[in-house]
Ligand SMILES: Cc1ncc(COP(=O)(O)O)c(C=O)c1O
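What follows is one chain in structure tokens, specifically the form predicted on its own.
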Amino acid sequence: MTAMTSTGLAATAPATDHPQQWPVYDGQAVARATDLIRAGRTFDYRHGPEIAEIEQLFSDHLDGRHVLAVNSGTSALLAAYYVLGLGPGDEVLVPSLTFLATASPLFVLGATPVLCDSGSANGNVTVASLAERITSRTRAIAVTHLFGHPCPMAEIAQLARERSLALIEDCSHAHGSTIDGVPVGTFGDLAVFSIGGLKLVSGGMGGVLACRDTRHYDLACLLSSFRQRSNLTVHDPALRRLADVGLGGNLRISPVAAVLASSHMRRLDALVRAKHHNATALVTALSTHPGIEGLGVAAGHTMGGWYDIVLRVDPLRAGFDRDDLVAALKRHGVRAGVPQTAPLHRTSVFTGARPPTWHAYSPATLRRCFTYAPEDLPVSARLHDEWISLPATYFNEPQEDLLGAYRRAAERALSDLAATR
């Protein structure tokens, strides 16, 4: 029996065959990981070859930055904020449109994230949207290259210099993204990459901190590792004296995760090419319809990771809204949805919820920085409410069969929607 949709159209059973979702590893990576497991080398207190390898690959990619691999992108962000000495009373500008971990490590330190609205159609912050939130308490700026779209880093870096603010790049969506040929992660004082989960470079669990300053690197080593590694890799003899105790953390990456991530990092250029081909084809297939458009890529900028393939639906021009398009695509086998990276100013702690462990924040700070109304950052909210996402994690490698199936499904979905207008 054929079910009917709310529009009166026959619902077709999804029949699209999807490959294994990312991360996918080649035989050599699986063999290396297996050898480590068989040898019981699932941890490393020192600085063994697997850890050194992933760090060197990122350092080479990032123009020689000092690189530390840790157990998650969240830990890398915690280390970045920690080495800057941020604490109670300090404020950090953070995009509202970002993953929560760009802000949440600040809770641990008692520092305050100040959410900033989007300043461009791709959801990124700009100099204007950042500058209006700077106060005498601001100590740093954290930017996220959302979905792989680079932020306007030359202008933001100039703002940071003029205001004597530290600059942190969250590159977790943007492996391989560039500005005028220069990779993101090289414009700020510190940069963070997630190398876990569904990221283009993934070891399952992992993160990378890249530092311009050797002191920041040394402090991050002391925070994340015990004396075995710090005695080997901390540069400053005075700081190395602290290695017997460290700075209280245990954020080490597993050698297994390191070799898996290294396998992707070595293929980064090929992965970026495949992702660009696939993502561009999908955006083109849908944006032929009036009112549906990709987010665009600024002149001189390139997309790397395409962490999410996002398009905007303008209901007035399209004749239907974002949710209508998502439902139509799903009926034809496309795993469409809404971007999971959503405005932070709509989440619990930023709308008045008070975790019982929060003692560092004054009542005034709680009222000012953790009590947002939906209309406070309207651009971020409006953009997210118009966005649709396609499942980017099936398109990191050549996928012509799936690409063809998605193109045909998009044509049928748009035809269905046109029939209801």
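For clarity, every value in this text was computed on a predicted model and none was experimentally measured. Note that residue numbering begins at 1 and tracks the sequence as displayed.
Below, we turn to the form predicted together with this ligand, even though it does not appear here.
When this ligand is considered in the predicted bound form, only one residue from L190, V184, L77, A261 comes within 4.5 Å through any heavy atom, namely L77. Taking a 4.5 Å heavy atom cutoff to this ligand in the predicted bound form, the contact residue among P343, P150, G305, G206 is G206. Heavy atoms within 4.5 Å of this ligand in the predicted bound form are found in one stretch of 232-240, 67-75, 292-300, 273-281, which is 67-75. In the predicted bound form, at least one heavy atom of T102 sits within 4.5 Å of a heavy atom of this ligand. Contact annotation: T144 falls within 4.5 Å of this ligand in the predicted bound form, judged by heavy atom distances. Proximity of H332 to this ligand in the predicted bound form: non-hydrogen atoms within 4.5 Å are absent; the residue sits far from the partner.
A residue is said to contact a partner when one of its heavy atoms sits within 4.5 Å of a partner heavy atom; H216 fails this definition for this ligand in the predicted bound form, lying far away.
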